[in-house]
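Heads up, the chain below is alone and in the form predicted alone; it's given as structure tokens.
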């Protein structure tokens, strides 16, 4: 009897010990991050996202890239946000979209993520661009602004300093191209698209012109007419810019300059890392400066860049905020600058020793970014640019005079503003 009891006890103990009680893993919160195609090696960006997950083990981050075209990205966001879709949490936005999305009620108010005293840590242009009705609807992620790239080897060879005025750029271009065969003077982006608006505004601003004053369109001003006419003259009168720019965007112009076939190039900061890569035809031969100005005007650069916002319909806003904080932190912005070339929106990083050692030209970008100007900060900007693009293109291509193009554009802007009111 005792033996039978002992055997039964052993069987029960063995059965109990064999039954493993596993603690279920805590359920993770999923955060979906939508953004445009990342420049450079996507694996480097993935390493940064992996670091976020290591620091936030309770979050499952899903990284979903959209097409490279900003128009397609904008269309995706409008369709999904208008439908109150919760399928993504964090979105990367072009600097010109924030007021539009905020007015539509598609974004969460992020004012608490960057309290007033901390806003001074960012460049003023991006902070202005993400502010609508005194609230912050996004956090600046990385910054762009128009720059003048130049062949410093050619300028030194022929005894020139970088131009400070547009007139100097013309004279230097003519002098160097006369002695350097198969070389254009000045390449820029003139196709009918958003990049053309960015280019045109830099000439207008540097001639004391503007698009709006006190909320009213002032496109057809004498200053703007002179600026737009000057752009056409670069092609047909001064002949320092080839006609091909009227159909060119960023990458074709970068290739022309990168192959050693131009003295000057207007482009964005991303191009520097490509020019300095091993195997580049112009590695070590490129300089960067602010864009020239008209006599008596101020140097001006169109603000570009991307901002991080949170979908108002997100089911996980707290986790989404943690991702925005991480990606816009000084350490993450520094990593993006070193690995991909995205320029930080935080001013202090332009004094960072490691960053300056790796990218010496970054120190010179500080003044450019401090004075970079946003395109009209308006919820109606997308309608405004659609009105300006064909008119600017018509003037650049010689289909209309600058006066006609700007008069027609101003008339359309006035209609848009009156309808909006």
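Residue numbers count along the first chain shown, from 1. These figures come from a predicted structure and were not determined experimentally.
Omitted from view is the form predicted in complex with alpha-D-glucopyranose, to which the following refers.
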| item | value |
| --- | --- |
| Any non-hydrogen atom of residue 378 within 4.5 angstroms of alpha-D-glucopyranose in the predicted complex | no |
| Proximity of residue 90 to alpha-D-glucopyranose in the predicted complex, heavy atoms at 4.5 Å | no |
| Interface membership of residue 200, alpha-D-glucopyranose in the predicted complex, 4.5 Å heavy atom rule | no |
| 4.5 Å heavy atom contact, residue 193 to alpha-D-glucopyranose in the predicted complex | yes |
| Non-hydrogen atom within 4.5 angstroms of alpha-D-glucopyranose in the predicted complex for each of 109, 137 and 310 | no |
| Position in contact with alpha-D-glucopyranose when the complex is considered in the predicted complex, options 268, 350, 160, 275, heavy atoms within 4.5 Å | 268 |
| Partner-contacting position among 100, 144, 321, 223 - heavy atom within 4.5 Å of alpha-D-glucopyranose in the predicted complex | 144 |
| alpha-D-glucopyranose in the predicted complex: contacting segment from 298-306, 110-118, 281-289, 252-260, heavy atom within 4.5 Å | 298-306 |
| Residues from 70-104 in contact with alpha-D-glucopyranose (non-hydrogen atom within 4.5 Å) in the predicted complex | 70, 94, 95, 96 |
